[in-house]
Ligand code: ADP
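Okay, so here's just one chain, in structure tokens, the form predicted alone.
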Amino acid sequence: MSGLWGVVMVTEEVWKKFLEIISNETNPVSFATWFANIKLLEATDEKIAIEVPMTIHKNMLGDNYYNLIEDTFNKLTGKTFDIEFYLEGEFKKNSVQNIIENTIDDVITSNGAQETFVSNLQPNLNFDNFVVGDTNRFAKTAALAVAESPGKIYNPLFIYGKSGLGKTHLMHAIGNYISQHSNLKVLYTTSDDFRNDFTGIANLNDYENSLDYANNFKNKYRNVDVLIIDDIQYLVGAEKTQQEFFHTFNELHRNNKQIIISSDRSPEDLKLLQERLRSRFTWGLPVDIFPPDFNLRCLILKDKMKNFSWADKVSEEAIEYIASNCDGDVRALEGTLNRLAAMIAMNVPSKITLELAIDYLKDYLSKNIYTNNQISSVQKAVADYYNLTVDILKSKKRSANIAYPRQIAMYLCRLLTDESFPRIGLEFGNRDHSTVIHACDKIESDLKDNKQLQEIINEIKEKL
């Protein structure tokens, strides 16, 4: 056989078999994250071109799965190929694509995972029960990349976003994955615990006891392979603790130990932390988690309802009603679901319809919808005033009846919260910070002469 392909070909059947083998060689979460959405672009006698969805896939497949991919193709075809990865649009296919078949060899799979010591991790928080949507997909993908290659990729991993969006869940998922697939020592802690442990040294009057305590402190936090520290923003104001964490960070990073940090805001917005700490937080990968959109809220509700015996009695309309009225964070969904569960236990209905859900939750939702003076609360208040949904307010639509309320909401977010222009822009459909600045300037200018607008702003502020 002659031509572009030479004597060894990768057919559609070979590609399909390749994916089957990879799925057996990897766990379901890894396969779904790294291989489920890749595509065969082209194969020549020497090279195989594969399309991947994101840059992180190129890095992960090239750095950590290359040998597995190469060996699998070798077993299937008897040929060794150079494997190349491309994003959509990066690769131009050859015009000729001839395909012939080749023998498929049997592959033996093995699983040598070994569970070892884990400290402070909650085993029920893992990747399998982390519900994924558009607003948290990249954060989950980055977290899994770190879990599969601790200390080698994205160090530190800095996960940020407001409370109740799943940061802690992801951190425990990383720790649990590492402990289940390696012998590495993992420690999860909070910044409060780190601070308390450190200040405990100064509280001991006896020199020898203080020295022992200090050694135990360093062993606890520096003699680990993976340090996971939650809510780093609470180190603000603790200068000596920040200094100790700085040295702990340097020691771990210098020895290629994985560091995972969470915060309620980005490294750039942690203005009251030492600059040398903030700069180190950006060495690896800062990744944001956004509030769940409508579709993700529905998925989360359905996932959490699986624990209730009445889950199959809830209509789709009732689920959508709850999702539409709880657009802040996952905890708001959980609280509303617990309220619904309590009402169902009292009344034992045969079917939970939309009308019943509205009746059961009307008092609860009206009392709790404006409890947090954060971006989501402002968005909800403005959307309610103008009879819009928050999703429409955050959409790309530019009609006047939507654009002006959106500008009002951006203005109020800047006025009533301590969030930055870029963060507000991200919460409004990933808009540029200049759009938020323009909106604030526009509303400030209109307020000078527009009494009706002044009344609207005051009314919305009263709700908040």
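In this text, residue numbers run from 1 along the sequence as written. Because the structure is a prediction, the values reported are computed rather than measured.
Just so you know, the form predicted in complex with adenosine-5'-diphosphate exists too; it's not on screen, but the next bit is about it.
J.: Would you please decide whether Glu334 lies within 4.5 angstroms of adenosine-5'-diphosphate in the predicted complex, comparing each non-hydrogen atom pair?
T.: Looking in the predicted complex, residue contacts with adenosine-5'-diphosphate include Glu334, since a heavy atom lies within 4.5 Å.
J.: Would Asn256 count as a contact of adenosine-5'-diphosphate in the predicted complex, using a 4.5 angstroms cut-off between non-hydrogen atoms?
T.: Contact with adenosine-5'-diphosphate, no.
J.: Indicate whether adenosine-5'-diphosphate has at least one heavy atom within 4.5 Å of a heavy atom of Asn136 in the predicted complex.
T.: Output for Asn136 is yes: heavy atoms within 4.5 Å of adenosine-5'-diphosphate.
J.: Is Asn129 near adenosine-5'-diphosphate? Define near as a heavy atom within 4.5 Å, in the predicted complex.
T.: Asn129 belongs to the contact set for adenosine-5'-diphosphate.
J.: Only one of 245 to 253, 298 to 306, 389 to 397, 150 to 158 gets a heavy atom within 4.5 Å of adenosine-5'-diphosphate in the predicted complex; which is it?
T.: Going by heavy atoms within 4.5 Å, the stretch is 298 to 306.
J.: Of Leu187, Leu354, Ala383, Leu125, which residue is found within 4.5 angstroms of adenosine-5'-diphosphate in the predicted complex when only non-hydrogen atoms are counted?
T.: It is Leu125 that has a heavy atom within 4.5 Å of the partner.
J.: Considering non-hydrogen atoms and a 4.5 Å limit, which listed residue (Leu270, Ile232, Leu165, Val226) is close to adenosine-5'-diphosphate in the predicted complex?
T.: Exactly one residue meets the criterion: Leu165.
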